[in-house]
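A single chain, nothing else alongside it, follows as structure tokens in the form predicted alone.
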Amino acid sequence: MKQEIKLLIKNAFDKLNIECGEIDVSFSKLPELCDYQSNCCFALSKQVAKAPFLLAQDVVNSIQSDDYEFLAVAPGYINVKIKDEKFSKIANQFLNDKLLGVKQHDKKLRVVMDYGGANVAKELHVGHLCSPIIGESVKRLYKLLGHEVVSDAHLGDWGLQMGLTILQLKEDGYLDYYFNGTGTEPEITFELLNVSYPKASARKSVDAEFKKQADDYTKYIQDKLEPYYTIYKKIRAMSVKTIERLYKELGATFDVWYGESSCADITNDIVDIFVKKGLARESEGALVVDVAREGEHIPLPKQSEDEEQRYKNPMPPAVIKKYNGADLYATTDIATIYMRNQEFNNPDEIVYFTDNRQSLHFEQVFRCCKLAGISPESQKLSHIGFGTMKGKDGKPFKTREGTTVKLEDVINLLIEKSSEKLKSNGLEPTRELALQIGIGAMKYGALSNFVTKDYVFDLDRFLCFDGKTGPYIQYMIARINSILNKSQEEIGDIIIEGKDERQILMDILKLNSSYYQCFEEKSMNSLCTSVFDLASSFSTFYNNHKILTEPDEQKRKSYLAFITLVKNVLTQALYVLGIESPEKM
């Protein structure tokens, strides 16, 4: 519709023999006056030596349209109102369109999305929520707009945490079966790892010899030496099984479950590429790649010999091989990009979803890939860094004891809280329904914020059945389902003739427009706002109209068709957000 309006205005300028360039048309900020608005006459008034308002009048007088009403408004705006007949036509087109009026992008991209990123040997915690929530939603958005997406959970399964964990388990006597051939084969559980890994992680910071030994164990695993590699595989298999279950409950799905280990066989070849191209140099026994550009990485004078080197505008070298020859995160991430380009034939874009703290790491990795030609110049490498989840006190979300909250405990809390809410509304909840509402509430709360900003994890607010929340929108869909189930009547053609219906159609247009904004920003907050606005407009319509008891058959069938459209648009929007739409609430 914006394109139609732009063309009508441009044709009017052509009739006036005025070169107008690109015409700007936006949704009206005063919806009580008009639906769309253009301020193009302000920029062109000097060109034609005429006041903006007079120019706007000339333009409006040159437009003839059966679908739109144009009006010049001081000091020079062109206001556009959609006629009811046009609105009715659009509404019926949307109702019969598989994508409900969403126009897919002309250029179809092939994209790999890397989200999830859980580390094996460590139980998932609340910090693992954002990546699958945001990544899954952006993936669904890309697919809605016609793009081909491969999603990868990309597990952290090849780093130091594995060496630390196995070394600690060995020292605590749990691995005698493997190292000494005594006792029975141990069962390695998360309960055991929850003790061993934190203990080892704290110890490496104060015990240099322990840290060095853990480095060696990590290298043994990467070299597939026994029994280290067998123990590693057992820990990985146990971890992945739990990770898959929790991601499934979060509604996060993946096409491939690769990890850092998936490219282990090619990391030496990748390092060789940098060496042969003269891009790598030795530094304190490690291999590094200088990725700083002109004006970056300017060293500051040391105050003493022992002081660590500091930099102005720091972009330190990327370390691609440790002093002992072991791989690092940078090594495996570079190798993974190489592997993805081989397996998926150089996708147009590779997108990573992690927290903001990894921004420097990915900038280094991306620069390495471009320097070495591992990533083609035409390929876009993107890192979407998200904010931190905080408690009501404004601090990182933790238990009362100050420990990190387990993801499984978060899911159970969501089920418990949503069950209580449903009971208070007179419903007897099933676990499935409570999970749908609880996860939906949390996702909507997380996605409502701009992606890079921190947000407060407030379950009581998230789970409200009124206000700007996920359950409120789910409830509106359930309410429409109830009306349609009671009716059992065939729907008719949609006839738009009142302000409530007009408002709903404008909200649908704005919601569909928000998909493109979300695509550009890789943030779903504008879609969250739009879907809430539509749900609110439906609530107003519902309160002002007697749908099932409307005596006029044509109008009643129009209402039923209209609310079917609303339900479908809301359901599609929630699906993109990764939120399920319960049949009843």
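What you see is a predicted model, and the numbers here were worked out from it, not measured in a lab. One rule holds for the numbers: they count along the sequence shown, beginning at 1.
This protein has a second form, the form predicted together with arginine (ARG), left out of what is shown; the following refers to that one.
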Counting only non-hydrogen atoms, choose the one of 312-320, 139-147, 109-117, 193-201 that falls within 4.5 Å of arginine (ARG) in the predicted bound form. 109-117
Among N485, Y542 and K567, does every residue place a heavy atom within 4.5 Å of arginine (ARG) in the predicted bound form? no
Answer for W257 alone: is it within 4.5 Å of arginine (ARG) in the predicted bound form, judged on heavy atom distances? no
In the predicted bound form, H154 touching arginine (ARG) (heavy atom, 4.5 Å): yes
I'd like to check something about Y329: if you look in the predicted bound form, is any of its heavy atoms closer than or equal to 4.5 Å to a heavy atom of arginine (ARG)? yes
Can you work out whether N512 and arginine (ARG) are in contact in the predicted bound form, taking contact to mean some heavy atom pair no more than 4.5 Å apart? no
Contact with arginine (ARG) in the predicted bound form, heavy atom within 4.5 Å, among Q213, Q358, Q503, S88 goes to Q358
Identify, from the list Y338, Y472, Y352, F397, the residue with a heavy atom within 4.5 Å of arginine (ARG) in the predicted bound form. Y352
